[in-house]
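In the form predicted on its own, a lone chain appears below as structure tokens.
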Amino acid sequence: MRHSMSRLSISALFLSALLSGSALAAPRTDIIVGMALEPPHLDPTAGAAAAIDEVTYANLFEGLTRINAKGEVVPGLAESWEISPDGLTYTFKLRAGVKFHDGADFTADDVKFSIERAMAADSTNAQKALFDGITSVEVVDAATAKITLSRPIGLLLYNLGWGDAVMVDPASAATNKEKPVGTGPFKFAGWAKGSAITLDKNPAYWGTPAALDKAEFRIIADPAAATAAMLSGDVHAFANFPAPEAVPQFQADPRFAVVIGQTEGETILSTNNKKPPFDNIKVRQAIAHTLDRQAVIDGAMFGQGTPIFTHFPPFNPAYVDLSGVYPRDLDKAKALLAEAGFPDGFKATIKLPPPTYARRGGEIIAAQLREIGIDLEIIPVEWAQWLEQVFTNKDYDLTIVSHTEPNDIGIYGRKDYYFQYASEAFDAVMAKLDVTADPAARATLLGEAQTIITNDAVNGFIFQLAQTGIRDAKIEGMWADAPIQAIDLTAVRWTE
């Protein structure tokens, strides 16, 4: 009798739980991810905005190699490769059965097209320098592509893992900005401008299928609105939450997981090195002596961030501590301004894009520079305006932005880059770095490069941006750190 009653009880409990939907409820297969900035378009090979890669990298588009959550180079659309003894030839074996979202087969012809398109004279690729040194791309056969270099490039496999180096289909490359077609585990579903970008699962994906059937990137620029959206459940996750002041509230709420990681984002007071008076190194040095980095971190980011004194992440083994080069010294700063011909200071402008670190940080830095007589007019700009006015047309005095590209100290050697900085000494170091493979020797050269740009006070180096991830506690698989610009959803799933 006891045995019979036990079976009846178990059956009743099971039926009750089943009817309530609590015992056997399947995990969700959709996700809404918040983003503070809307991408200007969706072609990662034709734009500098990090938001483009955040949506498309690994989700829609893939390269021959890819950068994983640990920052390691792993196989992508190339399953393997061979490097010639002289380091000048890379032969890539491509994965079989890969198709673009439009049904076209991925072959070595697409590798040749994609890389030559990025290298072309009329290319709009924001990281065109990644392909410097490539002399040819050959189709050996449909499944094999060969890249030949003019000189060894120690970071070639890493460079090919950037979003700027993803593979595109010749038939759809021209329309990828609005209707992206890649090879990834998700397909583009739609874009309500100013609101959201939606992706659907790619049922024909060559690799491990995504656990999610649908993903939405919802654009929420206002920090208060972002907080409200998370608390209400309208948004399930932010890879990098725009309201650092609200983090303690989420840390105290068991419904959420808060993961604060690292990024490659050097947040800097970018300076137009060819525009008077910033073409005078003494003016730039005066600014360097004025910056109170911790005050910016505390005031703008509520303590989240690490002070930097050069354009290099502090967690990198090759980082050099240059904090003693320009200590905060207002008297020294004023003396340098006087030597530069500005004993009473001067007026200038600072253009601030929408991110919290820029708008809030700009107010704090403007107040600091007023202490030495530099009076800044603050000009808020939208992201598209920043890209056009500052990044492309170099129409600015000062600005604040986080450079989230990995291993990007080489941008200081680009003569047409928006800093407009030029240094033969820096170029010589980078030329040696390009042909150096030994890790210890590379670290030494990277240290020399860091020292040069710090001594030249090219920019005001402020802090390393933290990755403040907030998500529903039932979500797993999101990256803790950001070794590359990506909100990679390929391994994201709900646990219940």
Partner chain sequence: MAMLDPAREAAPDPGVWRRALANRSFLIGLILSIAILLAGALSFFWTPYGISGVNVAARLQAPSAAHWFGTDHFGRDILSMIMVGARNSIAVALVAVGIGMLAGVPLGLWAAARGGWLDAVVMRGNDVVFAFPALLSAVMITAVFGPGAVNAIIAIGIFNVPVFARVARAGAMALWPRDYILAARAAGKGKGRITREHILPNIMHLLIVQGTIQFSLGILAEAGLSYLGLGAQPPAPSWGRMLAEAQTMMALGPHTALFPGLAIIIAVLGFNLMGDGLRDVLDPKLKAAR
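Numbering follows the first chain given and starts at 1. Please read all numbers here as calculations on a predicted model, not as lab measurements.
The protein also exists as the form predicted together with the partner chain; that form is not presented, and the subsequent description refers to it.
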Margin query: Counting only non-hydrogen atoms and a 4.5 Å threshold, tell me whether 302, 360 and 378 all contact the partner chain in the predicted bound form.
Written below: yes
| said: Does any part of residue 423 reach within 4.5 Å of the partner chain in the predicted bound form? Heavy atoms only, please. | reply: no
message: With the partner left out here, check for me: in the predicted bound form, does some heavy atom of residue 109 sit within 4.5 Å of the partner chain?
response: no
In the predicted bound form, is there a heavy atom of the partner chain that lies within 4.5 Å of any heavy atom of residue 370, even though the partner is absent here?
yes
Would residue 224 count as touching the partner chain in the predicted bound form under a 4.5 Å heavy atom rule?
yes
Interface check vs the partner chain in the predicted bound form: of 253, 105, 329, 298, the one with a heavy atom inside 4.5 Å is 298
Residue within 4.5 Å of the partner chain in the predicted bound form by heavy atom, from 143, 88, 364, 129, is 364
Answer among 415 to 423, 244 to 252, 179 to 187, 196 to 204 for heavy atoms within 4.5 Å of the partner chain in the predicted bound form: the stretch 244 to 252
